[in-house]
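The chain below stands alone, shown as structure tokens; this is the form predicted on its own.
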Amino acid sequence: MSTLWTITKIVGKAFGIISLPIAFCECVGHPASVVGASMEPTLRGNDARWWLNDIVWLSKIHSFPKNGEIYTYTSPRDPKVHHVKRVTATPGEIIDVKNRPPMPLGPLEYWMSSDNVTVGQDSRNYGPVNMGLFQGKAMFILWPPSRFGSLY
């Protein structure tokens, strides 16, 4: 019985050691690398050398998105793709985009835009983004050290 109890304690500790970081990342937040030029100059991610691209802290703890805040979300067109964009319109606002009639955003819909409008996919391409697709709020630039600091 003592051997079984010892094995159970070891397995339990291993499970706890593995579970804690996973739970932290799912509930609190995690770092994420910026890829692409769509958010330049705010966020840099266009260099082939990874150490020159920004790494940001994505917080899972946040209130409802506000205009000007930067969020990451799953693409409405491809669930394997994640975008980092700025909120430019919130629920209830009316969107007026070239070659489209004006449309109001629904109760949980947000208009997401690139800072660098000449590059990347955003709401101009696929329309409003439902809040259910949001992954986290970009809070800080963690890397490179020369750009370390809050985004707000």
Partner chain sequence: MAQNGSWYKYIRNKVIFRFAYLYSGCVVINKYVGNVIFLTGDSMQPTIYDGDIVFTRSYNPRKHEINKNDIVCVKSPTDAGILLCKRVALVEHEYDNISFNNIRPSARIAAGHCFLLGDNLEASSDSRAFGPIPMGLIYSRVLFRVWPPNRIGFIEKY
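Basically, rigid core = biggest C-alpha set you can superpose within 1.5 Å across the two forms. Since the structure is predicted, the reported quantities are computational estimates derived from the model, not experimental observations. Residue numbers count along the first chain shown, from 1.
Below, we refer to the form predicted together with its partner chain, which is not included among the displayed structures.
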Quiz item: Counting only heavy atoms and a 4.5 Å cut-off, does its partner chain in the predicted bound form sit next to every one of 48, 61 and 141?
Solution: no
Practice problem: Specify the contacting stretch among 93 to 101, 39 to 47, 26 to 34, 116 to 124, defined as having any heavy atom within 4.5 Å of its partner chain in the predicted bound form. | Solution: 26 to 34
Quiz prompt | its partner chain contact in the predicted bound form: residue 68, any heavy atom under 4.5 Å | solution = no
Quiz item: in the predicted bound form, does residue 52 have a heavy atom within 4.5 Å of its partner chain?
Solution: no
Quiz item: Is there any non-hydrogen atom of residue 20 lying within 4.5 Å of its partner chain in the predicted bound form?
Solution: yes
Self-check item: Residues in 122 to 139 with any heavy atom within 4.5 Å of its partner chain in the predicted bound form
Solution: 130, 131, 132, 133
Quiz prompt | residue 8 C-alpha relocation of at least 2 Å between this form and the one not shown, rigid core basis | solution = yes
